[in-house]
Structures are given as structure tokens and as C-alpha cells.
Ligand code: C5P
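One chain is shown next in C-alpha cells, namely the form predicted on its own.
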């Protein structure tokens, strides 16, 4: 299981300071909407300058018509990031179009599909998708697997079922992890590292428990030891 640290602080300066404090670790860094829209490609370059071994997950959750997503995927690949994502609900054809477009590259990023946002509880999810989370998340994952993606973004509670219905090598990445039982905040389906391990999660994304700590380096070290 690998650790991905969410860079969700209010400014590039704060995010870079956080990354600099973690430069001794070979970890993944998640760059989301706010950071990328505000700080752009230069921010990604600055992160790699801190530690060339940092792996970057660009969390933009593409959702559009197939050709537009495929065009965007090529642009993302040109940024040199190591992983990005799109919404599984954009459809199997859209996902296949993205993967077909990336085939021409000598080296491509990992591509994951978002099944169900971890801010959803079952009722709010069902209002939108008309199915229970566990059923639909697995269906989305099977579509993603058949479309040739590398894995999915899901909650820890769906990870094992998804692997059982696709492949043990199919990546599951779980956001909103509270490593040692910290407050869930605006996340509904959160888990700790023990649950994530039991569910065979491949990547855990941790944000607030790290960047709100007085000693982020110590927290990261503790998480890495626990996984």
C-alpha cells in the first residue's frame, strides 16, 4: 500500500512548504482542482524540483464527451504527471476513447476512474444514480476494467469487492483516509489504515491529518510505518 499526500492548502507557498518538509520520503502527492487551477504546470515542476522521486497524482476528475476527455488526457500526459483520473459515469466508450488516445505514447500515466465520491452517503448517491453505492461502484469498476483503465478511486469499503469482480492487480485508490481515527470532516465513507489494508487498497490519500498537524513529517513517518 502506498501513501499519497493531498496538497490541499490555500496557497502554493504553503503546499510547497509542506512538500519540502516531506522531501526525504518517496511518496505520492495529490494535486487537485484548486491547486492546479491556481498554480498550474509550474507548480508541478516545483514539486519535482523538491524531490525528483515524488510521484504526482493530478486529481482533476475529467467528465466530458469522449473526444474532449481524450484530448485533455493527452495534454495531462504531456505534463509529466504519474497518474490522473476521470469519472466512470462518463461511460465505457468515453473511457475506452481516452485509453486508445494514450496508446501512442511511449510512457503514459496511470489512469483511474472515480466510482463514487466519498462525500456521498448511500441516500445521496442513490438520489443521483438510482442504485446503492456498493452495487453501482462495482459496476462502474467493471466498466473501467473492461475499458482498459488501471484502476479506480473508491472508498475502502468497496475495494475488496471491486478486486474480486475485476482483478487483484486492478488498482484501488481510497481518498479521505483518517489513519488513526481522526475526525471525518465532510467525508462520509472514511476508513483508517487497518481497514484499508484488510480491503487490499493499493493507494491511500491522506490530507488533513497530515497538513493540519504541527509536525507533518512525523505523521507521515508514522503512517508509513503502519502500512
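Keep in mind it's a predicted model, so treat the numbers as computed, not measured. Numbering follows the first chain given and starts at 1.
Unshown form predicted in complex with the named molecule; subsequent notes refer to it.
Within this chain, residue 117 lines the site of the named molecule in the predicted complex, having a heavy atom no more than 4.5 Å away. When the named molecule is considered in the predicted complex, residue 22 lies well away from it, no heavy atom lying within 4.5 Å. Remark: residue 205 counts among the residues lining the named molecule in the predicted complex, judged by a heavy atom distance of 4.5 Å or less. By the criterion of a heavy atom within 4.5 Å, residue 133 is excluded from the residues contacting the named molecule in the predicted complex. Residue heavy atoms within 4.5 Å of the named molecule in the predicted complex occur in exactly one stretch of 39-47, 162-170, 192-200, 56-64, and that stretch is 56-64. Checking 153, 88, 149, 98 against the named molecule in the predicted complex, a heavy atom within 4.5 Å turns up for just one residue: 153. Of the residues in 83-100, none comes within 4.5 Å of the named molecule in the predicted complex through any heavy atom.
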